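Let's start with one chain on its own, the form predicted on its own, as structure tokens.
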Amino acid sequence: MLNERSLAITQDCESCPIRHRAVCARCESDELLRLEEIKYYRKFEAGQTVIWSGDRMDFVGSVVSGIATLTQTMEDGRTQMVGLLLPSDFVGRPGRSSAAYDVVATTDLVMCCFRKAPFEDMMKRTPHIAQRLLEMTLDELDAAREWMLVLGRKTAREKIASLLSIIARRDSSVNMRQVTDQLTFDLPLTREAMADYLGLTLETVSRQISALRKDGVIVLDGKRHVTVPDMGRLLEEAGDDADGGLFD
């Protein structure tokens, strides 16, 4: 059973803050009305499990706000964070009855959920929803392949810079702000979570963040509020191209 809090939201699809990026991005007004009939919202507090790997999923949906992690548990009990779910990312797979990973809310999380069977039926009758989901899935695949490079070949400093640049660019995209030379955002992950995701120790993460701050690559206000004075320099530190790579 899902460990969620009920949430009364009456927001219509037309004014949704993630609509320009979500699976419904190309829907017409009549199609949005049909989605309204099968959608509902769920809110999870930081640390709560959205779904356990192997559990039956009776919904699919999009992250509206907050961050969640995808985690896989090995037979000996060890766990590895294998992905992040950021605003507009899609949760669940049409045609698959159970969850492939544990999904855990890292911050307070709001999800726009669709009842699975009606959504699958709507996909058959609305080709551009299926096409948009395919595009999002292929983008996710490209991002996963590039993340293999981050984990396998980049230095600890480059890994930290890469993660910061991913979060900064997504924050700008979701909030429909242009990626300018200077960006400000709140880091949604603790340093412990960053260490887990990047395959580093907590000490290494803290040391590299301090080094990036000392060198003027980032400015920290407290532990979570980050300002990037020069996005181009952060991308250079990450070893990425100036176009932002595949994580937008």
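If you superpose the two forms and keep the largest set of C-alpha atoms that fall within 1.5 Å, you have the rigid core. In this text, all values refer to a predicted model and were calculated from it rather than measured experimentally. One-based numbering along the sequence shown.
One more form of this protein, predicted in complex with a further copy of the same chain, exists but is not displayed; see below.
**Student:** Quick check on this chain: which one of L86, V110, L163, M81 has a heavy atom within 4.5 Å of a further copy of the same chain in the model of the complex?
**Tutor:** When a further copy of the same chain is considered in the model of the complex, the option within 4.5 Å is M81.
**Student:** Could you work out which of L35, L70, I51, C27 is the residue within 4.5 angstroms of a further copy of the same chain in the model of the complex, going by heavy atoms?
**Tutor:** By the 4.5 Å heavy-atom cutoff, the listed residue in contact is L70.
**Student:** Within a 4.5 Å heavy atom cut-off, is L151 in contact with a further copy of the same chain in the model of the complex?
**Tutor:** Close contact exists here: in the model of the complex, L151 approaches a further copy of the same chain to within 4.5 Å, heavy atoms only.
**Student:** Would D121 sit within 4.5 Å of a further copy of the same chain in the model of the complex, counting heavy atoms only?
**Tutor:** No.
**Student:** Would T155 show up as a contact with a further copy of the same chain in the model of the complex if we use heavy atoms at 4.5 Å?
**Tutor:** Output for T155 is yes: heavy atoms within 4.5 Å of a further copy of the same chain.
**Student:** Indicate whether L134 is a 4.5 Å heavy atom neighbour of a further copy of the same chain in the model of the complex.
**Tutor:** Answer yes; at least one heavy atom of L134 falls within 4.5 Å of a further copy of the same chain in the model of the complex.
**Student:** Among 38-46, 214-222, 194-202, 56-64, which stretch has residues whose heavy atoms lie within 4.5 Å of a further copy of the same chain in the model of the complex?
**Tutor:** Every other range fails; the passing one is 194-202.
**Student:** Given a superposition on the rigid core, I'd like a yes or no on whether K124 shifts its C-alpha by 2 Å or more between this form and the one not shown.
**Tutor:** No; K124 is a residue whose C-alpha shifts by less than 2 Å between this form and the one not shown when the cores are overlaid.
**Student:** Taking the rigid core as the superposition reference, indicate whether the CA of L84 shifts 2 angstroms or more between this form and the one not shown.
**Tutor:** No, shifts by less than 2 Å.
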